[in-house]
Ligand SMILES: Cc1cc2nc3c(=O)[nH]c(=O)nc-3n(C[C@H](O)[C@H](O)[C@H](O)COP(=O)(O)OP(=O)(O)OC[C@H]3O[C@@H](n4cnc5c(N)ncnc54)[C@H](O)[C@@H]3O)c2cc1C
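Below you will find one chain, with nothing else, as structure tokens; this is the form predicted on its own, and questions on how it binds or moves follow later.
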């Protein structure tokens, strides 16, 4: 009999591994199990569907039918794995459409379980006007509710990437009142507070009511209850964050680590023989802090799954780690971050200097130039870059990729000043803001101890 690979999870962490394995093993039987109705979709695009930038169907990269016809993968949707038996080498599956339960045996098992949204135990959480935004099922329900009538008051709980993007989406829909509530001191807890404050100000300039330092106490129909007073709401969207969906694996005896994420080695192998994992359900190695972290990003999921699939198919590949790079946009303001924040650098035991500069996205005299603020952290003595954050207008955020490349290469601030970056007035000043920040960091490192 052909060797059978069972893949749990129909999105990036699962199907990127399945397709890579298929490319190397035409003889392998591959069964993929997904509890939802859609496969291989971009959850990151959900806010842009809500805002009307893209169509719902455009988010699906590959349908179940395409997985079957193009990759010869037995793709089963609305089939939820209820349990894993590593000794007997089978999974127990609930077919929700057929209302039956059955078992599927495996020789190899790949876990692309994804993440689960954080849902605090608060009264009224299950109210129909409270929505999540993690899956396409969530998006379909949110759109249905949003389009049912004219929304006057939308409240977004959580001011991370998704929360801000959803707030922007409802501003674009013309909602007269959009409020963002977050318990942190400023929006975007992945930034330092001084940079987060710039984003908060930009949100207020767009007409968004920002309630930072505010804790949610519960939900009532038509209201969000907080420690700063009640907020009327026709619709509430939760963007509080996610945790690794690792309970199935942990219950089966697979080792878990930080935040309960599945432990994996550089080849994406778990502690269980013949079992791999990738994506939001598992850990990553941080190349700067040298610690295990949980990073729930589609970029990471696709890379890890590719590595897992190559190894499942008999090849050899490793995933070296992450530096935590991310970008987002709030109306006309762009945000980028990579590496460690001040809080994270301190927690990791580093001493560092902070260089913060203001510049422009193009030559100062060129039409359309916009302001940009760059913050850079560099380790004392070594001068090694530890992290960077950017807040600015059009043309600002993607500059973070230069910083991410420098972090991955282990470059110092001084080495960065010599980078031969491109220049033309429509794209940058003669000294790109990234290089200006590196110069300032170098000056601070060379100054008095």
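The structure displayed is predicted, hence computed values, not measured ones. Numbering follows the first chain given and starts at 1.
Keep in mind the form predicted in complex with the named molecule is missing from the figure; the text below concerns it.
Undergrad: Looking at 323, 345, 162, 191, which is the one with a non-hydrogen atom within 4.5 Å of the named molecule in the model of the complex?
TA: By the 4.5 Å criterion, the partner-contacting residue is 162.
Undergrad: With the named molecule left out of view, which of 206, 145, 234, 80 would have a heavy atom within 4.5 Å of it in the model of the complex?
TA: By the 4.5 Å criterion, the partner-contacting residue is 80.
Undergrad: The named molecule isn't shown here, but in the model of the complex, which of 193-201, 213-221, 258-266, 245-253 has heavy atoms within 4.5 Å of it?
TA: Of the options, only 245-253 has residues within 4.5 Å of the partner.
Undergrad: In the model of the complex, is there a heavy atom of the named molecule that lies within 4.5 Å of any heavy atom of residue 299, even though the partner is absent here?
TA: Residue 299: yes, in contact with the named molecule in the model of the complex.
Undergrad: How about residue 44 - does it come within 4.5 Å of the named molecule in the model of the complex, if we only consider non-hydrogen atoms?
TA: Residue-level check for residue 44: yes, a contact with the named molecule.
Undergrad: Spell out, yes or no, whether the shortest heavy atom distance between residue 441 and the named molecule in the model of the complex is within 4.5 Å.
TA: Result no; residue 441 lies far from the named molecule in the model of the complex.
Undergrad: Heavy atoms within 4.5 Å of the named molecule in the model of the complex: does residue 280 have any?
TA: It does: once the named molecule is placed as it appears in the model of the complex, residue 280 has a heavy atom within 4.5 Å of it.
Undergrad: Between 1-35 and the named molecule in the model of the complex, list the residues on our side with a heavy atom within 4.5 Å.
TA: Heavy-atom contacts to the named molecule in the model of the complex: 8, 9, 10, 11, 12, 13, 14, 33, 34, 35.
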